[in-house]
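Before any questions on how it binds or moves, here is one chain, the form predicted alone, in structure tokens.
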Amino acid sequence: MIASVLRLELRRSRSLLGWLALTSILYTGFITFYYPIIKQNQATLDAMLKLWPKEMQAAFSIMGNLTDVGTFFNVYVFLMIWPIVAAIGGILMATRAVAADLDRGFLELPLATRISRPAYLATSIAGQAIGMGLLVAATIATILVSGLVIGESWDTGRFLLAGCVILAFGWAIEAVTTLLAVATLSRGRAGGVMAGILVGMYLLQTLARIDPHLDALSYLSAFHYLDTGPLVNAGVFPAEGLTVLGAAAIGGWLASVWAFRRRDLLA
């Protein structure tokens, strides 16, 4: 029964994952092919950035030397397009098994079988985790393959580890959204609250970069732990990011399973 639920979850996610993966592949591939142009025009780029207000650079997460491969991909892929892809995929997958299926009247069917509530939700969570992993794999593979095409030999291990960081970020979104879906039993409310949380955390991170006196605010933002620049540039192990994002994902999912066990679905 559990295997059947998992297959159903993955089957229902295939169109969503396919379109999101295609979006990530096209964008990431285009940005990767643009990297040699950035390298060739470093002086012009530096002069242009000096004209930009510090607040604008902070808002677009433009920090460091963009000709460094780690900084380039951290700004243009991992902080620009990946949060959008992860949020869309994470929210839609995480709100379906409980909130959306309850609204459609489908949830009664699997719960009428011998599968327990915790097992059912845990299986759905496994489907979420696999789906997010496929999106990460598509993104990282595009970077590495496109790099070979343009003649860049980047450290595969560092990019794979960067993939673990962005995967933990995506899992954290899914975990918190799942908990919100169990708590509200509403796809709209759960998705809206999660979107608001992400926007709020991005603003906190921006404020912390603009004003050094507000630096402590960045630790409240998931985007603070999504910084892969030092990892790709210098091989700095992202212990903080993996720990915090991983704890949020595991904690959120465990809390969701525990809460769903006795949640009144008629409330």
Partner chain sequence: MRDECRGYRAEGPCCRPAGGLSLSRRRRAVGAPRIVPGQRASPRDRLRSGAGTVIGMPNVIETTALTRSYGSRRGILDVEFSIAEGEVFGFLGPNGAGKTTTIRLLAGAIRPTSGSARIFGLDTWARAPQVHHFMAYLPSDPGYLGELTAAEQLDYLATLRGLARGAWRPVAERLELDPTVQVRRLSRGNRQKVAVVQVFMGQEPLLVMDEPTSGLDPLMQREFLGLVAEARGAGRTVFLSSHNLPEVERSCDRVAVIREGRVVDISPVQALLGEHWRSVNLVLAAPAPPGTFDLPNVRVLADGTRDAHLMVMGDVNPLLRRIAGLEVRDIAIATPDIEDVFMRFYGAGAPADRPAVEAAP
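Numbering follows the first chain given and starts at 1. Quantities reported herein were computed from a predicted structural model and do not represent experimental measurements.
Not on display, but discussed next: the form predicted in complex with its partner chain.
Checked against its partner chain in the model of the complex, the candidates Y120, W82, F72, F159 yield a single residue with a heavy atom inside 4.5 Å, and that residue is Y120. Checking G127, P110, G163, G147 for any heavy atom within 4.5 Å of its partner chain in the model of the complex turns up a single hit: P110.
Residues of just one listed stretch (110 to 118, 137 to 145, 151 to 159, 193 to 201) have heavy atoms within 4.5 Å of its partner chain in the model of the complex: 110 to 118. Taking non-hydrogen atoms only, L102 approaches its partner chain to within 4.5 angstroms in the model of the complex.
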